[in-house]
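Form predicted on its own, single chain, as C-alpha cells, below.
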C-alpha cells in the first residue's frame, strides 16, 4: 500500500462555486481515514479528485512518491466503492469480482485463485455462482468490496458505501469493513455524513465544512477536544449543550454566571481564563457529562420537560428560556415530566469557546 498526500488542492466549478478549498492532508500507509461532514461540504468531491473522476483546479495529489494529479483514473492504482454498489447485473458474482483482472489479461488460474481469496475475505465465497438480483443489499456491497480488493490497489476509496443499507445491517457492515481493512492492510479513505460510522471505524477523522478542513484528529480528539463550536455540535448524539456565560473575576477567583448558573470553575479552567481577555464565552458540555445530584451540590435546577427512555439510559430534557438542555442519565430511577432535577457538571470535561471566533479556548 502507500501514503496519500493532497497539497493545497482546490476544486472550483464555474466562476463562483468553490467545492474544495486549499485542502491539505496526508493519509498514512495502512491508515483508515474518514472524511466527515454535512451534505455539500466537499468530502465526496475531494475523494473524486483522488480517484481522477474530477479534475483538480489547483494543487497536487501524490500516491506514495508518484504525482497522479493529471493521470487518468486507470493509471492511479486506486479502487473506489460507490454508494449504489455498481455491480453488473448480467454477471455472476465470480465474473463481477474477476472482471478487472480479465481486463489486465491475468491468466485464468490466477484470476480464479484471486477471486476465491477475496471472496473468502468478504464472506461471499458461497455466492460466486449467483447473480446480483439473487443477493441482498449487504451481499451486493460485499461483492463491490471484493471487486475493489481483487486488483490490490494502493488506495481504497469508499463513498458512503453503507448508506443504502438498513440500520441493523449498517452496524454489522461497519465491523466487517474495518475487519477487511485490517486483513488487507489497506490505505483507506472513507466518506460519510454519519458521525457514528466515523467514530466507530476511523483511525483519524477529517471534519469538513464548506469545502474546508475544520479539524483532523482521532475519534477521541474530535469528541473530547473539539476545536470549534461546529465540531462540538456536529459530533455526538445528543449533541453538545451550549450555555452563554459571563466571566466574573474577583481577587483572582473566577465565576461563570448566567441567569441559570453561577459556579466557580476548577483550577484548570481558571488557568485558561487568565489569558482570556473577554467578558463572556460559550460553555460546552456533553449530555453524558451532566449528572443528577442533590440540591446542595447542584449547579443548575429545573423541571424535566421530557424524558426519553432508551433502554440502557434515559435522555432528560429541560428548558432554559428558549433553549433545551439534554442530559443522559441512568435508566433508573425514571424521571417524569414536571419533576425537578438537580444537575452538576463534570468540570474536567467542560469545553470553552469564544463566541466571536467560535474556536475553543485554552488549548
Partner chain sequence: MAVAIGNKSFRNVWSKAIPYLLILPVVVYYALFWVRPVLKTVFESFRDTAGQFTLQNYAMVFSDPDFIPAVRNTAIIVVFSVTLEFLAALFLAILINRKFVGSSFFLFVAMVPMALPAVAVGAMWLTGLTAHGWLNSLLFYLGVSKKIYWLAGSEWALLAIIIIIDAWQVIPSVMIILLAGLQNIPVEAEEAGYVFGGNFITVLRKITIPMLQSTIQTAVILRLISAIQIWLIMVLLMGFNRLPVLVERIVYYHEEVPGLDISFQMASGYTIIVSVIVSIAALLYLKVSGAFGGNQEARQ
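Numbering follows the first chain given and starts at 1. Fair warning: this is a prediction, and the values are worked out from it, not measured in the lab.
The discussion below concerns the form predicted together with its partner chain, not included here.
Taking 307, 57, 28, 319 one by one, only a single residue has any non-hydrogen atom within 4.5 Å of its partner chain in the predicted complex, and it is 57. The candidate site formed by 12, 52 and 72 is fully in contact with its partner chain in the predicted complex, as each residue has a non-hydrogen atom within 4.5 angstroms of it. Although the partner is absent here, residue 18 lies within 4.5 Å of its partner chain in the predicted complex, judged by heavy atoms. Contact with its partner chain in the predicted complex, defined as any heavy atom within 4.5 Å, is confined among 64-72, 290-298, 322-330, 28-36 to 64-72.
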